[in-house]
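One chain is shown next in structure tokens, namely the form predicted on its own.
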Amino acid sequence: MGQTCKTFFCTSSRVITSLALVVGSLAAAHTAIAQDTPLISGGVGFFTITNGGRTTYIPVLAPVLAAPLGPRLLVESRATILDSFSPKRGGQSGYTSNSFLGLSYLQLDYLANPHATVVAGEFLTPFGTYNERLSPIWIGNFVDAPLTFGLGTMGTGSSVGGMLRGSAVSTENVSLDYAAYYSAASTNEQFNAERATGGRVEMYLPQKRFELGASYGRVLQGRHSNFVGMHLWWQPAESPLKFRAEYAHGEHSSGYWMEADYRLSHFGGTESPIGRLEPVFRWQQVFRASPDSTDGLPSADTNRVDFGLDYHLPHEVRINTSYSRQLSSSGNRNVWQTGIVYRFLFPTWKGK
């Protein structure tokens, strides 16, 4: 499953704290102004991952809150609630179960002007594109994140502090977007973050449907390491083809991934039985320069190829299937993944 949240197993007190923050924001929005109706969206899914012959089962709920507080303020949050069931090791029968609840982000946005939005709180680290755009379970083509996800996202995928983002230039021919952030050090189990800074810039050509961007991140504590990255997105006009690629480099490792998907909508349209099919392909490589147990990447040079076939059912339901072959000096293995996801959206109450 995509890296949508931090990897800790919650106690009941942390669950209550996270829910209280979201419910409190919702109540504040209702008190502030009734016509700005908060929305709850997200996805619910069930996934299986067979890695090296061991199958893990993961039911997951990922709700998203968007609560306007007047014309310029917006509260945004996404949570992940899941259980994972995996076979016991050592020849024991039965399964072990691990529960998790955590917030991927909880932020307050101030819409300063058409070119700038000020963000405060816990937000997704703006490095590369996967973390912000493809990590939701109802968007990503594959159940798991790219191998290079940990580079530049500081491992957790989230930062705690402030961010300035927006569109510097926007015309019919070109759009230049930016994001710059500062994260404070936090050891809170729910809002865990390193002291870091960085940002991303990207150029989008609307007529070509082509985007090119660069990212930078620097950890300001401990190892004081730098991360750099580049990304490319392209969707040809009047074509269902989508192509995405990303490269990231850190002190101890580097790597890239390339992904293409092509929905067969030219066979009777997107609602036809064949038109609902979407073959997907991803190629990944990781290069290990020196050992590092903190970046989340494989311990040795790794090649991986992913073949997938997604099927879009009516009423925002999607089935994901994929087969991956991973080659590394630490061992070769096959990875099979399946999932079914339902995307939902509804207002929290009736607006004016």
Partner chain sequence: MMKHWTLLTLGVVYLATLPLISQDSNSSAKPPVKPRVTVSANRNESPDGNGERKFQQNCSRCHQAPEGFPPRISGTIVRHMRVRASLSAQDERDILRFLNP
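Residue numbers count along the first chain shown, from 1. Keep in mind that what you see is a predicted model, and the values were worked out from it rather than measured.
What comes next is about the form predicted together with its partner chain, which is not displayed.
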Check your understanding: Among 144-152, 181-189, 234-242, 95-103, which stretch has residues whose heavy atoms lie within 4.5 Å of its partner chain in the predicted bound form?
Key -> 234-242
Check your understanding: Is its partner chain in the predicted bound form near all of Ala120, Arg223 and Tyr247, within 4.5 Å of a heavy atom of each?
Key -> no
Check your understanding: Is there a non-hydrogen atom of Thr48 within 4.5 angstroms of a non-hydrogen atom of its partner chain in the predicted bound form?
Key -> no
Point to revise | in the predicted bound form, Asp83 touching its partner chain (heavy atom, 4.5 Å) | key: no
Review point. Do Arg325 and its partner chain come within 4.5 Å of each other in the predicted bound form, heavy atoms counted?
Key: yes
Exercise for review: Could you confirm whether Gly161 comes within 4.5 Å of its partner chain in the predicted bound form, counting heavy atoms only?
Suggested key: no
Study note, to complete from the structure: Checked Thr294, Ser299, Asn303, Thr55 for heavy atoms within 4.5 Å of its partner chain in the predicted bound form; positive is Asn303
**Study point:** Interface residue in the predicted bound form among Ala193, Leu134, Val201, Met230, criterion: non-hydrogen atom within 4.5 angstroms of its partner chain
**Key:** Leu134
Review point. Heavy atom within 4.5 Å of its partner chain in the predicted bound form: which residues of 38-66 qualify?
Key: Pro38, Leu39, Val64, Ala66
